[in-house]
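Just one chain follows, in the form predicted on its own, and it is written as structure tokens.
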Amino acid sequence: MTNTVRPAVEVRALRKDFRSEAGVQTVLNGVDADFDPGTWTAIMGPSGSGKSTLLNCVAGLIRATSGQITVDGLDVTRASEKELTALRRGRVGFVFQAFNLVPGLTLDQNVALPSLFARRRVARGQVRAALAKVGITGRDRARPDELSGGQQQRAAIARALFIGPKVVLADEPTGALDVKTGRQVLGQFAGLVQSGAAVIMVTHDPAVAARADKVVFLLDGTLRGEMAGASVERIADEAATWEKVTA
């Protein structure tokens, strides 16, 4: 008997429309994709191509117009808000482009927040260790407005990784980081992949994308291409090609 590994995330015929006074804008149109456990996928494409919307739909932060998304066995498109909240607190880590730290909480409280909501006991030593892994030491009692943008981003990454997620959704996680810290953070993502998590990362940086097992290109809400094992130069050339298509 052959054992088949079920994808950590399955996306089928995903469509997302946004309605406004100007009419209906289709941001995702028929996206089909599988993301397996223990793999790292980079999503690239021009601005406005639907990359962030795709991550938000997978996390259940916004509802798909049609299609189906399954995350770690849960049908996100039909799940209740309670089920989605439990999924994000215990099995899915999300690194937001805007960090989304809670202003009134200290750094260690922000990192531990999903675990505390899930009623899991957290030792301060664990939180400090998580912050140290992303290059922050001695600032665990600081509040977000006392930190630089790069420190806030690293704290957001520590919060996403702290729960030991089965799926990590990251939107430009190295955008505000220097090269050295970026490498350190990417090493943490690589460690999660080795432990069996699926990492799905939106990035504009070919050097970051080259760390992934696979790079997929999104254009006008549709997946248009895929590369595996490609060099930084080849990824950069391919990304530039898709940019020209929308120019």
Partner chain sequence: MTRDRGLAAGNRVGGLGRSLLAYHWRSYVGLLACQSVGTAVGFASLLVLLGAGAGDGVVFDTADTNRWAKQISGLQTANNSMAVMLVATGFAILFTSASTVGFAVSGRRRELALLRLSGASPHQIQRLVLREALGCGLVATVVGFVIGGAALPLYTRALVAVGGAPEGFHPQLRLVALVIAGAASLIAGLAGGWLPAWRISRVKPIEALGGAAVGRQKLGWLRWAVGLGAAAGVAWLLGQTADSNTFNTNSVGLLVLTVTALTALAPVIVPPMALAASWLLRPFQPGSAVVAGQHARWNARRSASMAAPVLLFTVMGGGFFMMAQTSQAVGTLAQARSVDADAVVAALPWRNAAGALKGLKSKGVEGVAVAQSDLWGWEAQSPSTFPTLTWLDPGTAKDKLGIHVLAGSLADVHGVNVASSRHEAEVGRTYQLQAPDGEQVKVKVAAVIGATPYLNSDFAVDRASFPVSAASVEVFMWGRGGQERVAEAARAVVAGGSVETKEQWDASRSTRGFASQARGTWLLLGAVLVLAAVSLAQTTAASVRQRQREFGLLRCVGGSRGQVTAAALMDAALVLVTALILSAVGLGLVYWKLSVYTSATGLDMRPFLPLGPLAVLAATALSACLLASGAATVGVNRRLSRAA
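Residue numbers count along the first chain shown, from 1. These figures come from a predicted structure and were not determined experimentally.
FYI, the form predicted together with its partner chain isn't displayed, but the following is about it.
None of 95-103, 149-157, 131-139, 67-75 except one has non-hydrogen atoms within 4.5 angstroms of its partner chain in the model of the complex; the exception is 95-103.
Remark: G125 counts among the residues lining its partner chain in the model of the complex, judged by a heavy atom distance of 4.5 Å or less. Its partner chain is not shown here, but in the model of the complex it comes within 4.5 Å of a heavy atom of L113. Contact check for Q184: no non-hydrogen atom falls within 4.5 Å of its partner chain in the model of the complex. Shown alone here, I62 lies within 4.5 Å of its partner chain in the model of the complex, counting heavy atoms only. Annotation for the pair V27/A98: C-alpha atoms recede from each other in the model of the complex, by 3 Å or more compared with this form. Compared with the form shown here, the Cα atoms of Q194 and D140 move at least 3 Å closer together in the model of the complex.
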